[in-house]
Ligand SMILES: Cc1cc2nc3c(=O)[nH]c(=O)nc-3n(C[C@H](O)[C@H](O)[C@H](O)COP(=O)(O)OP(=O)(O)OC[C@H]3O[C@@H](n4cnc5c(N)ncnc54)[C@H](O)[C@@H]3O)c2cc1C
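Below you'll find only one chain, the form predicted on its own, shown as structure tokens.
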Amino acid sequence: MPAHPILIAGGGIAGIAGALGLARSGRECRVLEQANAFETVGAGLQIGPNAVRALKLLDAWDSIAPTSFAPSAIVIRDGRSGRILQEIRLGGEFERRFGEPYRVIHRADLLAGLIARATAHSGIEMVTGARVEQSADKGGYVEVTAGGRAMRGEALLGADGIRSAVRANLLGDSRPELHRHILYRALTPVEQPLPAKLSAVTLWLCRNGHVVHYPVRGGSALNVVAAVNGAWTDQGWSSPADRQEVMAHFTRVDQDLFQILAVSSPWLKWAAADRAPGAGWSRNRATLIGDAAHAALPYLAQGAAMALEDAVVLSRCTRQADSIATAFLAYERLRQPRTARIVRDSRRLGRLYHAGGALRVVRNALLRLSDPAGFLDRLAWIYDFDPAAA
């Protein structure tokens, strides 16, 4: 057993999942969260079959499943006419095809389930008010200053998000790459029982923008995310927004979409950013996980899933390698091609979702003419992935 725990900078989904995976491989972990309490904020997340598979491998699914919601379908609609362009039912046939269900969940509920599993594990220590300020590789261990306290670790795992301080110290690279999109989100109560048309994950394709909505919190709230073309000019990375600002981007849309945007409030907006796929994110006794390693635009709805997959693969590599540095390099080599494709395809989808003119007509025609089974086959590279067999 190593003399020091693995130190994990960040107590979000990537950090807690990483701790669960490493603890299952026999490593002691200390999670260092900069806030004075673990987050209970955020919005909705989509948990595809690959993410459910990863949660089961982390022994966390049973803590999370009760707070998830089973949507009836994935529906793609034209934002202007309201026409259904594609519909994928998410019942038994879908689960037989991919081996696991499709769920949606509030981010706070997912994180609470992960934290419940982590706090019950004797090999995981959770520390709040401990922002990682400095770190150094000392050869046989790492030395970290967090919350004014010096500590040693077997290794350092950077799980501190897209603007990762660990990444900046480790790789010395630039800030995240901003894109010419602005993202808005709102979480609004919905009437009970939940209307059938709101029970699906629905994607509205509009000119110069798109909207996604689905139920969370047991169907008592609707998570709404809108993305529009535009340059980010605000100070910082996020700020409040009002209903009028959002609706000004969607002036000629179907009545169903108009009503959803009209009742949704309050709104938060944030900059659309990602990390360009790079050559690597590991250096000796330090590596990155989740958005710190490979942040993507949210258009494939795979951000949380990639962090959960990372945790499982990292755990396997740590069990099998003869040193922690070798394990980190193996983990990086296994994860880099898949996560780079997620980044690239998410960028491409952003352009396709917001198309106008002839490209919009062709896109809509292809979606309408696609057989649902064939449409799912094109997503199989995402949903079929098994991190235990990577």
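Just so it is clear, the structure is predicted and the values come from calculations on it, not from any experiment. Don't overthink the numbering: it's just position in the shown sequence, from 1.
Form predicted together with the ligand: not shown, discussed below.
- For residue 165, a non-hydrogen atom is located within 4.5 Å of the ligand in the model of the complex, even though that partner is not displayed.
- Residue contact check for residue 157: none of its heavy atoms lie within 4.5 Å of the ligand in the model of the complex.
- When the ligand is considered in the model of the complex, residue 291 lines it closely, a heavy atom lying within 4.5 Å.
- The ligand in the model of the complex is not approached by residue 94, whose heavy atoms all lie more than 4.5 angstroms from it.
- No residue in the set 71, 101 and 376 has a non-hydrogen atom no more than 4.5 Å from the ligand in the model of the complex.
- Note that among 62-70, 30-38, 349-357, 330-338, the stretch whose heavy atoms approach the ligand to within 4.5 Å in the model of the complex is 30-38.
- A heavy atom within 4.5 Å of the ligand in the model of the complex is found for exactly one of 142, 182, 118, 130: 130.
- Heavy atoms closer than or equal to 4.5 Å to the ligand in the model of the complex belong, across 41-77, to the residues 41, 42, 43, 44, 45, ordered by sequence position.
- Three angstroms is the minimum change: in the model of the complex, the CA atoms of residue 237 and residue 185 sit closer than in this structure, by 3 Å or more.
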